[in-house]
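Heads up, the chain below is alone and in the form predicted on its own; it's given as structure tokens.
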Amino acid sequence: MTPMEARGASLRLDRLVKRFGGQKNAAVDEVTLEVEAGEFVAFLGPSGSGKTTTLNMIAGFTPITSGRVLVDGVDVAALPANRRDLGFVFQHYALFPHMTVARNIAYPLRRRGVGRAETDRLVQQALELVRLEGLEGRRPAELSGGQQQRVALARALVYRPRVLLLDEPLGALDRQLREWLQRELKRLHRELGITFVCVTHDQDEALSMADRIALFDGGRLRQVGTPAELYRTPNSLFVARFLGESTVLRECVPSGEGSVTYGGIRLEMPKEAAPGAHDRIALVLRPESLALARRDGDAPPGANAVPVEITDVTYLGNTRRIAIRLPDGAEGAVAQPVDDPADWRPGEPAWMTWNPRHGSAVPEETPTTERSHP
């Protein structure tokens, strides 16, 4: 625990709804979510999915149509934003250009009537927390993008909020700086114990930082779980395709205990992977779970195998991405280790193989209900 002695609060969203004007469909539709004290939760989803509107309702920036926002069990929905004691980091920092770093960080303390000596002490602590000691006299224009973002973080943390809300906090930064600040955010979360709720459209950002991910689509929550749960056991094709790359075998027909038929080929799968009683299911396979063989008989014992055609090979440093075409014409990908001696070329036939335990089954979706990756 740092000298700031922060501690996280629990957050509960209870049937949260937002409609704008005469809008027929709700921008946020009956969202219910429990966030534990000290947890890091990422709101992930495509543009227009409702994640930012939900964050703004939590913060008090957007009025709630119906529902409740409870912080440590207390409904704050009727309180103005400045009385909720929630920290907020804006996407574009929102720093005052005419103020120094120290004055920017001190601003929320002065608005709260904190004395000068205490303000100076807390500002210094915040500077140390985000590793900006010695820059307190500079103005925002004299700082790099990463330094400006850390000033925005310090300003949001200086008055010791118990919940920190972050709206696309790293979206304006280049990749190398963004990855470094992802690690810094995880460090701050670990050291402070504050509850973090972060909106992002970047799946890699959500996977690398969050304890749990709340995946939005069409104003609703499609799935909530740990990054591993959403990646390994998606509950729909939308989740499978949004979170990471996948190869999808469509129109699989359950053909008995723990097996399905795809294009006349019987495929084994663990019983627990079946999504229930459905006439048709889709089988989701991640690239790193797949391998390629020259012939059906070359597949490892007990492995599933489907004939494919190689369409492209891309070198990615530690792996090769081998694009494939399935028998039904759908596209997929296999991640091949760079030290694999097999030399695959576009146009070659092959057999895609995998351990039956590595497939996830989801209900088949019709063209009218399926949502594609943005």
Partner chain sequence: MDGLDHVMRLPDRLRPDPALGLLAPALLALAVFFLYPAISLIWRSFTEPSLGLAQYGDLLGDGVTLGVLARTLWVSALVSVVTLIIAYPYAYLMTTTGPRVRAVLVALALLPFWLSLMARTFAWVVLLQRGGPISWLLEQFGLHDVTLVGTLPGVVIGMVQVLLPFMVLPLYSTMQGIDRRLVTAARSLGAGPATTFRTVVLPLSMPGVVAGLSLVFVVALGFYVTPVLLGSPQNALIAQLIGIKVEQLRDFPAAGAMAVLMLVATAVVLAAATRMVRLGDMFGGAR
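Positions refer to the first chain, counted from 1. Note that the structure is predicted; figures quoted are calculated from it, not measured.
Beyond what is shown, the protein has a form predicted in complex with the partner chain; the following relates to that form.
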| said: Just to confirm, with a 4.5 Å cut-off on non-hydrogen atoms, which of A228, A117, A78, A141 contacts the partner chain in the predicted bound form? | reply: A141
| task | Just give me the single entry in R190, R294, R183, H92 that has a non-hydrogen atom within 4.5 angstroms of the partner chain in the predicted bound form. | result | H92
| remark: For the partner chain in the predicted bound form, the stretch among 125-133, 78-86, 210-218, 245-253 with residues bearing a heavy atom within 4.5 Å is 78-86
| query | Is it the case that F43, R162 and L166 all touch the partner chain in the predicted bound form, with a non-hydrogen atom of each within 4.5 angstroms? | reply | no
| request: Would you check, heavy atoms only and a 4.5 Å threshold, whether R112 touches the partner chain in the predicted bound form? | output: yes
| query | If you check in the predicted bound form, is F61 within 4.5 Å of the partner chain, heavy atoms only? | reply | yes
| message | I'd like to know if M99 sits close to the partner chain in the predicted bound form, meaning any non-hydrogen atom pair within 4.5 angstroms. | response | yes
| field | 4.5 Å heavy atom contact, G263 and the partner chain in the predicted bound form | value | no
